[in-house]
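In the form predicted on its own, a lone chain appears below as structure tokens.
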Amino acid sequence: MKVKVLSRNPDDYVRETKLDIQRVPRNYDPSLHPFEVSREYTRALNATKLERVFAKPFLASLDGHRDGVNCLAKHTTNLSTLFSGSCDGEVKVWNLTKRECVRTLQAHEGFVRGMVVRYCGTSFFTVGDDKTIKQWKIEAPAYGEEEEPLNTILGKTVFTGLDHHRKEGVFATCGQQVDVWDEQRSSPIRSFTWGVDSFSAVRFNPVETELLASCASDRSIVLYDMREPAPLKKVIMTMRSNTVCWNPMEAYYFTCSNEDYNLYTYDMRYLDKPITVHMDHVSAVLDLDYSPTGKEFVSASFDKTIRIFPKDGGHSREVYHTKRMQHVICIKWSADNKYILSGSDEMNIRLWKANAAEKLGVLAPRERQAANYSQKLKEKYQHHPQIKRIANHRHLPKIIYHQTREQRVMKEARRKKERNVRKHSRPGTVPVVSEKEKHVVTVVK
């Protein structure tokens, strides 16, 4: 005779302490849960609505400059320190935790054109309209000491940009040519020119550290290798690029901000067309910076907005604006991937959340679990029309809203004209040119 015995393990249903939540056994068999999808959809819809309710990205405004903020620099080893340079030659050091200026120095006569912190975080460099490169100590001078630069190099022409090597005591400047400098010397160790009268930006590749990219005034983006005597190659576009930024995780990819309101992501091996064209701005894009994860980047524009783009997405996932913010000139993404810093014309530096609805501060384990669950639900149901509409909806200033509509009408008119020309021409005489290929004139090697 068989005897069946009920066997239960107390660990499955007994709480460890009376403060714990009651353990509820659950059978995950989908046939027992016929309404699970509709329940999850409702939760996803509510999570999306709550995300838009709690989206308050603006955190703080740092004021103290007496002229427009022209450039920003992040500290390489310290999250809470920020450097800013303005159009009157003044450099300020900020403590972001306390949200206050801890040091001010009159670095240059005229604009501060570029700033960068040395890779080890012990000093920082500035360049200005007075044709000088200055190296400054990170620590403030002791009481009674004068504020003096560690080193000053007098150049022959005005410098417009500056960047430092990620591993060595080498930095690059741009102006009428791209110069590579050794910190111990007062003259450049390498100079690159390619029939261009001026350059506006220069950036070292953070992964392949010997590579450089620069934006030139002849509408080209030029690539260099420090080990080579001449530039590698350049891509000439229909309009001028303002700045360039390398993806910190993928060595081959860089993104440039352009005067034609778009941003272009290129693979440096195949420059004949960009991988992605990022559209949404309604005026020239002045600056951009990648997130430390390399999955997104943030752009600053003359249209007084900041936009966050996924690296492979054609349209922005987020747009930030305030009534008082004027033309945004410089932008930085903090090294902990949580904050965005913007410097604008009206003398303010603004601190924003990178994820508008994220709750800051320490999260309880249950809070974190609930946030992760909501995130997964939103990802699962993101293509449902109702959820997609709520997630993508943004309030825009009236002028930007109208300009966006106008751009759309103009683009559609151009498309229609092309179609008509093609229709009334001999077959093959008017080829179809994709949006990506339209903006590249030629690649020179």
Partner chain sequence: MAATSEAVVNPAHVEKTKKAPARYWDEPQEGKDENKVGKDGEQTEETLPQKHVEKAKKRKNDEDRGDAKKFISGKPDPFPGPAHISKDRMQKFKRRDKTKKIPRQHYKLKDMMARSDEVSEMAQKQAARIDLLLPEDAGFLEGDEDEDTCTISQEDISDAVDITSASKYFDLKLSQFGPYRLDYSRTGRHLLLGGRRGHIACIDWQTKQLMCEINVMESINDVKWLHSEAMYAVAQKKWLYIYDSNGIELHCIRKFNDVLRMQFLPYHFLLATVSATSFLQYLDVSVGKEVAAINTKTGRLDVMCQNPQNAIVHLGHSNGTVTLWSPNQKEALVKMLCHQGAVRSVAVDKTGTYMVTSGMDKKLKVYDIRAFKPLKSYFLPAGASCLSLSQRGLLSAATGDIVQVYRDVWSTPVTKPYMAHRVQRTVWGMQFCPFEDVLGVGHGEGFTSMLIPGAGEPNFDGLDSNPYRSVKQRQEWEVKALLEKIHPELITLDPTELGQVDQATFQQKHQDRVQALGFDPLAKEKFIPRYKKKGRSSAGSIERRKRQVANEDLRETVQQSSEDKMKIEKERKEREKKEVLLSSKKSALDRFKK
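Here the structure is a predicted model, which means the values were calculated and not measured. Think of the rigid core as the biggest set of C-alphas that the two forms share within 1.5 Å after superposition. Positions refer to the first chain, counted from 1.
Not on display, but discussed next: the form predicted together with its partner chain.
The single contact residue among V53, A60, A413, V37, judged by any heavy atom lying within 4.5 Å of its partner chain in the predicted complex, is V37. In terms of contact with its partner chain in the predicted complex, the residue from R408, H393, H33, H402 that brings a heavy atom within 4.5 Å is H33. For the chain shown alone, V432 is a contact residue for its partner chain in the predicted complex, at least one non-hydrogen atom being within 4.5 angstroms. In the predicted complex, at least one heavy atom of Q22 sits within 4.5 Å of its partner chain. Proximity of D312 to its partner chain in the predicted complex: non-hydrogen atoms within 4.5 Å are present. When its partner chain is considered in the predicted complex, V14 lines it closely, a heavy atom lying within 4.5 Å.
In the predicted complex, M1, K2, V3, K4, V5, L6, S7, R8, P10, Y13, V14, Q22, R23, V24, P25, R26, N27, Y28, D29, P30, S31, L32, H33, P34, F35 are the residues of 1 to 35 with at least one heavy atom within 4.5 Å of its partner chain, listed from first to last. Superposed on the core, the two forms barely differ at K438: its CA moves less than 2 Å between this form and the one not shown.
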